[in-house]
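One chain comes next, on its own, written out as structure tokens in the form predicted alone.
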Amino acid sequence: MSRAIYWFRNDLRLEDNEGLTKAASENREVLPVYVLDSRWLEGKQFGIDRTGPFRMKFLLESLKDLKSQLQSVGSDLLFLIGNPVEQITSVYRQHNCSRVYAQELSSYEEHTDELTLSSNVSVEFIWGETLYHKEDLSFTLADLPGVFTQFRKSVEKKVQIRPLVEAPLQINSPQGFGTDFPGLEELGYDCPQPDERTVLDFRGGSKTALQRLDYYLWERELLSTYKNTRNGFIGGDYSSKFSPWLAVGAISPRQIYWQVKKYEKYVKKNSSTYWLVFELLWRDYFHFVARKYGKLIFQRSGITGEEKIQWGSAQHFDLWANGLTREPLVDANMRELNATGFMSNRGRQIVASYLMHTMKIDWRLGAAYFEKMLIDYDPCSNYGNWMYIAGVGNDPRGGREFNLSHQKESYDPQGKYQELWA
């Protein structure tokens, strides 16, 4: 029996957290630690801050909820700011720990940290980001299919989803271990002002995530019509909106999946219930793509190495970012993003296509702006989707250019959304 660190990353929950449960069962004492990466606070890409106030607010709310959960089982959370590898190594040595446990992540920067930490201390990384466990796939990540449909057919109905892992009933931590969190202002942010037009009052934390899951599936039974409504623009019910909680790991994809299976048994099974799992499969695919290709997903030529668009000047990028292009549907979506930190999936595709295919501006600026602004920013899904539309990712058709007139007629025929955010 020994003392170990559990390094929380994008898994801010107790339930279905295999690494945390493993750490608690194998060690006399566990020190839960979260490190706010200073690169998120200080870094810039193309002059764009890496983390904006909406995402930071949601993260801090999620951490406070996690701290409360840990306290309910006899533990607490140590919050630090800095280089994650250096901070974890310091705590490891200061408290005479014998091992670090942590969730293994897919994206290049995070995976590089894992390799560096492994050379400093004894560490065990446990996979838990995706619906399908990478060890259960019938292929190695090096042999990941280049097209989503091939991936889907290779796992769907052929690979079993693992059962949920129960949360630890008790986590023993040293007395007095744990710290409070800084406020947004202390981290250099202005607190975002609420906007009555927002689709949902997003609040971080596992408790709120499960409340949203309960509301969407069981209270309103909205899952039954998800496929038909998911391309909406206005209101909280047109789509599940689980993505912010998935991004920080306040809920796991398996928690959602097994609730969908229960819903199919007791309420209804149809194309809409399937489609939510289908979207989780896309999320899985982008995570596996990120792990396979590493830093290539952040390069302009993407994973193909071939650029499909003749890029021009970025001098008008601010018009796009501020919703001032004079294209009403594009501007409405960007204004919603800037006011709330959220944008519909359909909106993201529309504004990305416009930036690239109409304005001819390097897609990486748009991806960097989304990284700053989106509450649900996830590097794998964000850059995977931007590459896809740019034609340098996994789209077999070589990119997607959206016809704005068709998009308006199909998804905002009366212009209500454009008027809402005019």
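If you're wondering where the values come from, they're calculated on a predicted model, not measured in any experiment. So that there is no doubt, residue numbering starts at 1 and follows the sequence shown.
One more form of this protein should be noted, the form predicted in complex with a small molecule, which is absent from this view; the next part is about it.
Colleague: The chain here is shown without the small molecule. Which stretch in 46-54, 379-387, 33-41, 66-74 comes within 4.5 angstroms of it in the predicted complex, by heavy atom distance?
Modeller: So the stretch in question is 379-387.
Colleague: Considering the small molecule in the predicted complex, which of Y189, F342, F298, F181 comes within 4.5 Å of it through any heavy atom?
Modeller: By the 4.5 Å heavy-atom cutoff, the listed residue in contact is F342.
Colleague: Looking at T89, N83, Q349, S98, which is the one with a non-hydrogen atom within 4.5 Å of the small molecule in the predicted complex?
Modeller: By the 4.5 Å heavy-atom cutoff, the listed residue in contact is Q349.
Colleague: In the predicted complex, is there a heavy atom of the small molecule that lies within 4.5 Å of any heavy atom of E279, even though the partner is absent here?
Modeller: Result yes; E279 sits at the interface with the small molecule in the predicted complex.
Colleague: In the predicted complex, is there a heavy atom of the small molecule that lies within 4.5 Å of any heavy atom of K241, even though the partner is absent here?
Modeller: Yes, K241 sits close enough to the small molecule in the predicted complex that at least one of its heavy atoms falls within 4.5 Å.
Colleague: Give a yes/no on whether R203 approaches the small molecule to within 4.5 Å in the predicted complex, heavy atoms considered.
Modeller: Although the small molecule is absent here, R203 would stay clear of it in the predicted complex, with no heavy atoms inside 4.5 Å.
Colleague: Can you tell me if F370 lies within 4.5 angstroms of the small molecule in the predicted complex, counting non-hydrogen atoms only?
Modeller: Yes, contact at 4.5 Å.
Colleague: Looking in the predicted complex, is the small molecule within 4.5 Å of a heavy atom from each of L246, F286 and L374?
Modeller: Every residue of the spot touches the small molecule in the predicted complex.
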